[in-house]
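First comes one chain, alone, set out as structure tokens in the form predicted on its own.
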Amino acid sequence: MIQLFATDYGCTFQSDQDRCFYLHFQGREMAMSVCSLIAFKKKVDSIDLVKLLTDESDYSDVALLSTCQREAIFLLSIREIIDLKELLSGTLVMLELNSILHQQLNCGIS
């Protein structure tokens, strides 16, 4: 497995052998397809941090989030949400960067 990106709370790996990505977060490991990874990132990005920070209710500083197929449910603090956003964004940037590098290398060979 190749580590793609890491933060204080988690990291992501790519497994060419299993043809999936692994997300390590809150002490759990989840296998995801690229579609599931992108969909999960969209769910995480849709969490309104300003609303969480300005809400004065007792449960305002946490968010409940499930993966797309509901294999895992997370109860996230604001700090963990920020970290998960950074982790998923960094992962997708690394995937795009790898794709660009492979395209450039293949163009140079042919």
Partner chain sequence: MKDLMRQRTSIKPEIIDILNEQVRIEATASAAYLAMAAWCDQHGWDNSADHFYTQADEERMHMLKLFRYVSDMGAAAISPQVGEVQHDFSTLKEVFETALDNEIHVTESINKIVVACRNANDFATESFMQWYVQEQVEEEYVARRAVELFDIMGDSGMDLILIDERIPKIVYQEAGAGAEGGEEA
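Residue numbers count along the first chain shown, from 1. None of the values given here were measured: they were computed from a predicted structure.
Note that the form predicted together with its partner chain isn't included here; everything after this is about it.
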item	value
Its partner chain contact at Val62 in the predicted bound form, heavy atom, 4.5 Å	no
Contact flag, Phe21 vs its partner chain in the predicted bound form, heavy atom cut 4.5 Å	yes
Interface membership of Ile2, its partner chain in the predicted bound form, 4.5 Å heavy atom rule	yes
Residue contact check: Ser89 to its partner chain in the predicted bound form, 4.5 Å heavy atom	no
Residue stretch of 23-31, 73-81, 36-44, 49-57 approaching its partner chain in the predicted bound form, non-hydrogen atom distance within 4.5 Å	36-44
Residues from 81-104 in contact with its partner chain (non-hydrogen atom within 4.5 Å) in the predicted bound form	Leu92, Leu95, Glu96, Asn98, Ser99, His102
